[in-house]
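In structure tokens, the next block holds one chain alone, the form predicted alone.
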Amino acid sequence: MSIKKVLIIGAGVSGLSTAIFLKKAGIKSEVFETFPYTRVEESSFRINKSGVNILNELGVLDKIKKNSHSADSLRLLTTNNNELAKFNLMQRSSAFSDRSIFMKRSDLIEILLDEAKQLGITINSHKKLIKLDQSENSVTAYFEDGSNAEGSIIVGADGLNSTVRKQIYSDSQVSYAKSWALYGVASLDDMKSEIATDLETGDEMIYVDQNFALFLAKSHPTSDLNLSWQVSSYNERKLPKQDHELKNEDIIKKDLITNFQITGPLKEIILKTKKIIPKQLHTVTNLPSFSKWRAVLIGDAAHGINPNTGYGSTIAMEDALYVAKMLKSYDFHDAFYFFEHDRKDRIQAIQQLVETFDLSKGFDLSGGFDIGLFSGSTFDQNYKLKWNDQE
């Protein structure tokens, strides 16, 4: 049962990666996105070694290297700048493709967009999906502007609030993950403390306290806004929007410093931050399968990996490679089956990181620091997918 055309809903990391891999497989696809691309400087993330390997398989690694940063060490500190421990990140290989990196989401999206356009992949904006119909021979996507598109299958790469998921599994839910977060961006040039030097020369940092963790990293080798930080804090009950998402930025800074007794260089970083995005973290629940007939879900649309794992972008790109690889070799029924069967253990292992070690809960340091705080998480850190098995 040949695939004539794949409809991809969502032009984010997973959607664009899927389109590029399908092109490598000789399968036509078309991407549909609700909004035209707009650069957002404030959002950055880690891409683990497996994800960097996927970027190599996508053929964009040289561009990624020019727009990301790879650290060698991770320092653990208190909010008043006392160092508790320093860890070698065990990036044994000098080869960039074997290292984990940190980069801005916009830089990654722009690199993938450019690659997709060079390959002749059609990317449509202003296409908000409102409905999809599946028939014996095809699937049809209907958009808010009155247009529609027909394909052999549809890939829901449309994120945590996926319309594709709602269409095929109406009982699925997006549930609060008992954690709030803040994402900030600043410039290393504005910092006078030694933190700027340490970040430039190969360190990442986590500042911790009870129910608090702030991760700090360099996110670009040359950009002015090259310092990114992420706060997470455990909270059983969701916060009212006026106390978080709609909160004034200056008040966010003041409360963050006061509530967690932040002093010294970290206080300077928060005060000199250019922009802060507040979010409350959510995950996908009550999803019986990653696919239904001619529709398949990937990335956050399928599983909503908790950002506190540090694996969201990596898993999204792994999904993209694997679903395209299966579609290259099998009819879509088998491809969707193998995609879920072969990926589920990996995804569950990553999701369980939060159960074994939830960074948003921080550390209770009143009794001292114990390296055992990091124990208990088990998953394959050397996991690697290849596009061509013979390589």
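Model, not experiment: these values are computed from the prediction. Position 1 is the first residue in the sequence shown; the rest follow in order.
One more form of this protein should be noted, the form predicted in complex with a small molecule, which is absent from this view; the next part is about it.
Contact residue in the model of the complex, from P265, G159, G151, P278 (heavy atom within 4.5 Å of the small molecule): Selected residue: G159.
Flag D342 as yes or no: does it have a non-hydrogen atom within 4.5 angstroms of any non-hydrogen atom of the small molecule in the model of the complex? Because no heavy atom of D342 falls inside 4.5 Å of the small molecule in the model of the complex, the answer is no.
Please run the contact check for E42 against the small molecule in the model of the complex: heavy atoms, 4.5 angstroms, yes or no? Yes, E42 sits close enough to the small molecule in the model of the complex that at least one of its heavy atoms falls within 4.5 Å.
Evaluate R75 for contact with the small molecule in the model of the complex, applying a 4.5 angstroms cut-off between non-hydrogen atoms, and reply yes or no. No, no contact at 4.5 Å.
Is there a heavy atom of D300 lying 4.5 Å or less from a heavy atom of the small molecule in the model of the complex? Yes, D300 is a contact residue.
Three-residue site S179, R346 and K361 fully in contact with the small molecule in the model of the complex at 4.5 Å by heavy atom: Looking in the model of the complex, the three residues S179, R346 and K361 all stay beyond 4.5 Å of the small molecule (heavy atoms).
Of 78-86, 312-320, 241-249, 191-199, which is the one stretch near the small molecule in the model of the complex, taking non-hydrogen atoms within 4.5 angstroms as near? Going through the listed ranges, the match is 312-320.
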